[in-house]
Ligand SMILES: Nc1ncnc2c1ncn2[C@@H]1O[C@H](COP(=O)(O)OP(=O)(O)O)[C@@H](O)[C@H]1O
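Below you will find one chain, with nothing else, as structure tokens; this is the form predicted on its own, and questions on how it binds or moves follow later.
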Amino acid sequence: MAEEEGLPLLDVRHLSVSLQTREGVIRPVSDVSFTIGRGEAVALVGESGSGKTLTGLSLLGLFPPGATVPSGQILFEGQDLLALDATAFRRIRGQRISMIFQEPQSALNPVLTVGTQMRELFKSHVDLPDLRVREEVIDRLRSAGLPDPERVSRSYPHQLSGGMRQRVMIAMAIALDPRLVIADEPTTALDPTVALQILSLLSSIRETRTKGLLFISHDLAHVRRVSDRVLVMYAGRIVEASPARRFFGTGPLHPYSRALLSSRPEGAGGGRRDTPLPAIRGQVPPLWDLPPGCAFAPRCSQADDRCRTEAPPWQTEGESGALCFYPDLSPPGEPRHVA
């Protein structure tokens, strides 16, 4: 029904998540809105503490203890997930939406073999004979690019390398052919060669097995490889949304996005190795002490008194948008400002 009506696979509308801390109530996710279309890979990027991971966990109903959702909707295939009870949410988690966690060593049970953990996943969601479940487990491990999947299924997590554990996490994420996969920093702590293999695997899975991918990362080089669209978060809010071809081509709209892009080796000094990398001055403000106006204003070289006192509007240019008074809306091909 949702497909016939042309609805996006995922439609997050004005989502906010509040947490009570010793410093007071904070909102690590604040008024976040975005969509993921069928067959689309969307990247969510930003510095540590920007709210990326909590946004991903929210899609699975995995909120920290004491968290509340004061506003927002998470519409998945037209159904508001926030209106579901815990039992209904568990049926969706893993089967229709799955997540590849950042630390497979922590996410995998150390006292159970890989095969046992995957069989439990199948048995919790589908009614299949034991022999068929074992066959499905081997098939998913093979699809994740693991050599000798029979041996891997008999192995404990500590007996596998970091790259193999990450592939096991991917195999578990695709086990039930979910409609949406959330990948949270899936290449963290992997060597560059293995990281590229994981990125290639994610692209292949998105094209052949899943309907959508949310790729959470701080590594823009990896984002460029897998994403169709880029969302940039800062201090709990999305400050830019742009097609990847625009973001990495003509350039981003928001000063923070441009600063992130220019801080990569490929973005500084035309790629010269002897050119120092520009750094973003200052620090991300604590969520319990956000400045008035734009949260990025204290670190932004373009900020003026208006930026420091008034909340910026969301401004659009074609398929792109930015939460900024002065987004770089230069026509394609013209010189762009540098934050």
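No experiment lies behind these values; they were computed from the predicted model shown. Start at 1 with the first residue shown and count on from there.
Same protein, other form: the form predicted in complex with this ligand, not shown, and the subject of what follows.
Have a look at 282, 70, 64, 313 for me and say which one sits with a heavy atom within 4.5 Å of this ligand in the model of the complex.
Flagged contact: 64.
Please tell me which of 298, 49, 37, 293 lies within 4.5 Å of this ligand in the model of the complex, judged by heavy atoms.
By the 4.5 Å heavy-atom cutoff, the listed residue in contact is 49.
Indicate whether residue 303 is a 4.5 Å heavy atom neighbour of this ligand in the model of the complex.
No.
For residue 33, is any heavy atom within 4.5 Å of this ligand in the model of the complex, or not?
Although this ligand is absent here, residue 33 would stay clear of it in the model of the complex, with no heavy atoms inside 4.5 Å.
Is residue 60 close to this ligand in the model of the complex, meaning a heavy atom pair under 4.5 Å apart or at it?
Residue 60 lies outside the contact set for this ligand.
Taking 163, 189 and 198 as a possible spot, do all three reach this ligand in the model of the complex with a heavy atom inside 4.5 Å?
The answer is no: none of the three residues contacts the partner (heavy atom, 4.5 Å cut-off).
Heavy atom within 4.5 Å of this ligand in the model of the complex: which residues of 17 to 41 meet that condition, in order?
Contacts from 17 to 41: 19, 21, 26, 28.
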